[in-house]
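The form predicted on its own is given below as one chain in C-alpha cells.
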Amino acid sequence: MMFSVLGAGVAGLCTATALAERGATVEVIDTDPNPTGASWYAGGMLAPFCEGEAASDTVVSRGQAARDWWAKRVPNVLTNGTLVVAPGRDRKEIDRFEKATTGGVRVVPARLEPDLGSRFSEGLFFADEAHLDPRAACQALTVRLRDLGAELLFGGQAAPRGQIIDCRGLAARDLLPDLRAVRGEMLFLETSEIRLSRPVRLLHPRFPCYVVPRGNGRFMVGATMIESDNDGPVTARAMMELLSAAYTLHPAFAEAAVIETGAGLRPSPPDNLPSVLHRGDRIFVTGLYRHGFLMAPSLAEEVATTIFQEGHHAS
C-alpha cells in the first residue's frame, strides 16, 4: 500500500521517514517547490526538560526520544545541554523554573559559557538536552527519503495516490476547523564578538527568549508566541523585544548584524497537545505549535507503528 504524506515540514518529513524505514512505499506532496513553512524558523532545541516549565508531562516524556532519533538520521546533533539564566532583578525566575522542571542543576553560567562573564551569578544547566540546525536537518531528511526510495513531489498540485497522512500544519484547518494559529517570530544575528556552545534561555516575566548558536558567528534569537492569524513580516514590537533580550544576554549583540528575520504560523489544537488524529480515512499529525523538532519523531513513530501493527502496509 502506498502512503501519501501531505506537507514537507518537520512533521511530514519525520512521518515519511518512519514509514519508509519500515519498507513502505511513500510519496511526500507539498505545493511549495522549496518547502519551508514554520519549520524553517524553528529553534531546533531538543529540550524536553526545559519545555516542562509550561508543557505537559506527555511532551517531557515523549520528547526525550528526540535527541537519539535525530542523531541516528542527520549530522551535527549537538548534545551540549541547555543553559538557563536570568538577570539579577529576575533571579526569582530561576527558582520558579527549577521548581517547574526536572533534570537541571545549579551552575555558575560563566563556567559553561565564558563569554557571559559575570553578568549572571547563577543559572540552571540541563546536560542531557541537545540542539540542531532545523534547516540542515530537514534537508538531510529529504536526502535520506530519496535514498530510501520515497517520491518527493514538491510544487504543483499532485493528487495523492495512497493512504493520506496529513501533515500540512495550519493548512489542515480546512478539515480540522478547531485548529488555531500560533505565530512565532525570530531573527538571526551575526557577530564575531560572542561565542556560545549551547542554547541559552533568558528568563523574563514578560518575554522570555532563547539564543541558539548556529556556528560561524550566527545566532538564532526567538521566539514569540502570539495567538494570531497574521502571517506578515516580523513586527516592530517583536523585533524590539527579541533584540532587548539578546542585549540583556550580552551587550555585544547591540553591534551584531541582523541578517534575517522571519515569522511563521503553527497549528495548535484546543488542548495544546501535539497528537495523531484519525478522522475518517485520513490520519493527521498536528498540534506542533511549539515542539516541532522535539515531538515530530515521537508522533511519526506512533503513526508508523500503528499502521504496521494493523497490517495496512501490505501491498
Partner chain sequence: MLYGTGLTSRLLLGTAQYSSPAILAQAVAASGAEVITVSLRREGSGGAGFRELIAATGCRILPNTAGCHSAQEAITTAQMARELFRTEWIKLEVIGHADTLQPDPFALVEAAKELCADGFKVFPYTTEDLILGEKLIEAGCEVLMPWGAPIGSGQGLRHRDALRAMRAHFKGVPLIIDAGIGAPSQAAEAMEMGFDAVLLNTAVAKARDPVAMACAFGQAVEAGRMAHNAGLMPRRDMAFPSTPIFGMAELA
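Positions refer to the first chain, counted from 1. Just so it is clear, the model here is predicted, and its values are computed rather than measured.
As for the form predicted together with the partner chain, it is not shown, yet the points below apply to it.
**Message:** Since the partner isn't included here, can you check whether the partner chain sits close to all of 71, 131 and 302 in the predicted complex (heavy atom within 4.5 Å for each)?
**Reply:** Not a single residue of the candidate spot has a heavy atom within 4.5 Å of the partner chain in the predicted complex.
**Message:** Counting any non-hydrogen atom inside 4.5 Å, which residue from 261, 31, 248, 272 sits next to the partner chain in the predicted complex?
**Reply:** Only one option qualifies, and that one is 272.
**Candidate from 229, 193, 190, 122 lying within 4.5 Å of the partner chain in the predicted complex - any heavy atom** = Filtering the options by heavy-atom distance leaves 229.
**Request:** Have a look at 251 to 259, 53 to 61, 277 to 285, 40 to 48 and name the one stretch with heavy atoms inside 4.5 Å of the partner chain in the predicted complex.
**Result:** Careful reading of the contacts points to 53 to 61.
**Message:** Considering non-hydrogen atoms and a 4.5 Å limit, does the partner chain approach residue 180 in the predicted complex?
**Reply:** Residue-level check for residue 180: yes, a contact with the partner chain.
**Message:** Against the partner chain in the predicted complex, would residue 151 count as a contact residue? Criterion: heavy atoms within 4.5 Å.
**Reply:** No, no contact at 4.5 Å.
**Message:** With the partner left out here, check for me: in the predicted complex, does some heavy atom of residue 90 sit within 4.5 Å of the partner chain?
**Reply:** No, no contact at 4.5 Å.
**Request:** May I ask you to state whether residue 237 is within 4.5 Å of the partner chain in the predicted complex, using heavy atom distances?
**Result:** Output for residue 237 is yes: heavy atoms within 4.5 Å of the partner chain.
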